[in-house]
Structures are given as C-alpha cells and as structure tokens.
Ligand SMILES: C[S@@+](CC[C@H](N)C(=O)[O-])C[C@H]1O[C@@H](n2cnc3c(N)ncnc32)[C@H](O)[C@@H]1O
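A lone chain, given as structure tokens: the form predicted on its own.
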C-alpha cells in the first residue's frame, strides 16, 4: 500500500470549501474579523468567496488568475475528471469520513469550483491576485495570517526544497502574525522529508514552528498542519 500514490504529472486545480479550510487550519481559534487573511496558491477553492460573503477579509492568490474564468473552468473540469478517474485505484490512501464516498467528494469539489468561478468573474483583480510563486508583489506585513493549502509539501516531487524555502521566506515577509500549512504529507500520504528539513533550517531559526494535529483527515496521515509564528 505504501507504494500507491495519486499519480499526477503536475499540480492540479482542485477546489476546497470554507468548511474544509475551517477544519484543516483549525480556524475556530482565529477571530477572523480582526485579521487580513492571505490564501496562498488557492486555485479554485471557494474559501475566499465564502469567507468574504460572511464579512471576513480574505485575498486569494494563484498563478492561474491571469487566465479568464472560462480558461480556468475548462482546466478545472479536466483536472477534476482526471483525478476522479484515478481515485478508485488509490482509494485506500484516503479516509472516507468527511466525504462518505467518491461521489460525495466529486459533488463537493464541483460546488467549490462553481462558487469560485462565480466570484472570480465579479471580483477578479480585487480579491483574486495572479501570483507566480515564489515571488509576490505585496508589501511587507500586508497580511496578518497566511494559509497554504495542498501546495507546499504535498507536491514535493514537483517543487524542490529550494522552491519551498523561497516561497516560505516570501510568505513570511508579507505576513505579520502567523502562517499555517496543511497538509504536511505528500501524494503518497507520507510526511514530506522537507518538513524536518525546514524545521532544522537555520534560515528559519527566528520563527517558532510547531506541528499541530487537526480535526480533518482525508489523505490518510494527513491530519497535521505546520504553524509558523512570526511574532
């Protein structure tokens, strides 16, 4: 089973909802009304749309946001179809609790990207910012909290350690309080080797890094987030 993994040639456009973010990042202990939240490499997740509709202040970023809504939607539909076709072969790598089966997962992912596309059409340029990581155009400490979902660590065979370091350094630059990264496992469901490397990296010794278990697990063993305190 350990040899099994979801085989992906590149990073895919799979959207996640506010409810998932809430659990993945343990957002119950954040007073959103006081924070300016930055969603890193957010793709077609509906978190930004849903959170802003509740009165929170969230900005989303991704390299795909320079594309049109139609182009993003077409890639998303294609990626979702491809992933759903592969999932039955690796379903043992997942815990079917938050989603009871593949069909429920598909419906959730479709809901997420449709909410995103609707909001992107209205708000593109104001809350959806095109960013080609590891660099951004934001000011120092522009955000209070940054969230990194299913990007760093998960794609450790596509994104090398140097990319992880440079991206994280940039997110630290633009964040004043805290960064949360989820999950810390890769596509095999194994903790990425980059996690310990990062914890031991002298370049980040000034920041308090802790691994915290959360009440969300879809990829087996993927129930921990890395918290980085800036101040």
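Here the structure is a predicted model, which is why all the values come from computation and not from measurement. Residue numbers count along the first chain shown, from 1.
In what follows, reference is made to the form predicted in complex with the ligand, a form of this protein that is not presented.
Residue 63 is the only one of 197, 173, 166, 63 with a heavy atom lying within 4.5 Å of the ligand in the predicted complex. Only one of 157, 110, 74, 132 lies close to the ligand in the predicted complex, with a heavy atom inside 4.5 Å, and it is 132. With the ligand left out of view, the stretch that reaches within 4.5 Å of it through heavy atoms in the predicted complex is, among 98 to 106, 138 to 146, 124 to 132, 84 to 92, 124 to 132. Among residues of the shown chain, residue 21 is one whose heavy atoms approach the ligand to within 4.5 Å in the predicted complex.
In the predicted complex, the ligand sits within 4.5 Å of a heavy atom of residue 41. Of the heavy atoms in residue 209, none are within 4.5 Å of the ligand in the predicted complex. Contact annotation: residue 12 falls within 4.5 Å of the ligand in the predicted complex, judged by heavy atom distances.
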